[in-house]
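Next up is one chain by itself, shown in structure tokens, the form predicted alone.
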Amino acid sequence: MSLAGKVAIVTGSGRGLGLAYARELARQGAAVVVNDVDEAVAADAVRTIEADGGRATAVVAPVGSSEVARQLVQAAVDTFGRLDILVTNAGILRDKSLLKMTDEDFDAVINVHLKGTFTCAREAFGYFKENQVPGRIITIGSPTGQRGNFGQTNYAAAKAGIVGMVRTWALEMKKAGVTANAVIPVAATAMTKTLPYFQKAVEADERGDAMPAFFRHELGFGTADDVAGLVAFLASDAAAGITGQAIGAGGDRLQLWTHPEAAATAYREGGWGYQDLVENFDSLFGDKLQSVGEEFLPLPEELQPEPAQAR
């Protein structure tokens, strides 16, 4: 097993994607610290991993604070003797359009996703550096952080910020031999269950059936298990040379996302004043403006969502 003898923390791993990551890490030989805010859910996750033949313990706490980050690292060291891998998966949703989004909606999502990733990564890196462990930090981004999505100001900001931190950490952690990467999952989750576009795919997954090929291949949309292999790979010694990357996984598709690059460049001696931009911007950049949001292919007729009253 590629991760034999290693120890991992997976935040937000009581269910869904996080549980899939934790189970795969355990299948590959790692002992896992499970984390969730619900004690019963966390206990069930530990039992599931142990039933698979793995080793796990649970920390029941909401990520975000430095105190909980320390608690997670300490649990790994106290229970299993060390720490090698951190997966920052914990997250919540508070979706509302901008004018309806409250300060509380914004702060709650930023605290769990962005600050929780920051505090846990800082604590884990401190342990790695002090103990000369060539650790692995695997954060979880989102297509929303890469492209934007209606009604998700808070979530988009957090997920874009996570990728920005990963690029910075790759520079700061290189000398210590620690890698930091972001995984961009496209899978059936609590969020996608609410979108009619994915209805047929989510229903198939819930029945235990294979998702239609249109979703898996054309859209790169699949199950939580389709993403878990990438997480385990990035946690392994085989990925020692990979850092600072945003890598997407979903269904049958694997993607390496680019870092932001200039789409077009123009120069003018003396710089660009207001009137210069009025006269020239459209001819220079008008046909090069970048799209926003995810652009989905039209659904085949047989995969169209059923009317609500027919369900």
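Treat the numbers as computed from the prediction; the structure is a model and nothing was measured. From 1 onward, residues are counted along the sequence shown.
What follows is about the form predicted together with a small molecule, which we do not show.
In the predicted bound form, at least one heavy atom of residue 89 sits within 4.5 Å of a heavy atom of the small molecule. In the predicted bound form, the small molecule sits beyond 4.5 Å of every heavy atom of residue 215.
Contact annotation: residue 17 falls within 4.5 Å of the small molecule in the predicted bound form, judged by heavy atom distances. Residue contact check for residue 71: none of its heavy atoms lie within 4.5 Å of the small molecule in the predicted bound form. The three residues 61, 189 and 192 all sit with a heavy atom within 4.5 Å of the small molecule in the predicted bound form.
For the candidate set 242, 284, 277, 37, a heavy atom within 4.5 Å of the small molecule in the predicted bound form is found for exactly one residue, namely 37. This chain lacks the partner; the member of 160, 112, 173, 166 within 4.5 angstroms of the small molecule in the predicted bound form by a non-hydrogen atom is 112. Segments offered: 24-32, 258-266, 45-53, 61-69. Contacting the small molecule in the predicted bound form at heavy atom distances within 4.5 Å is 61-69.
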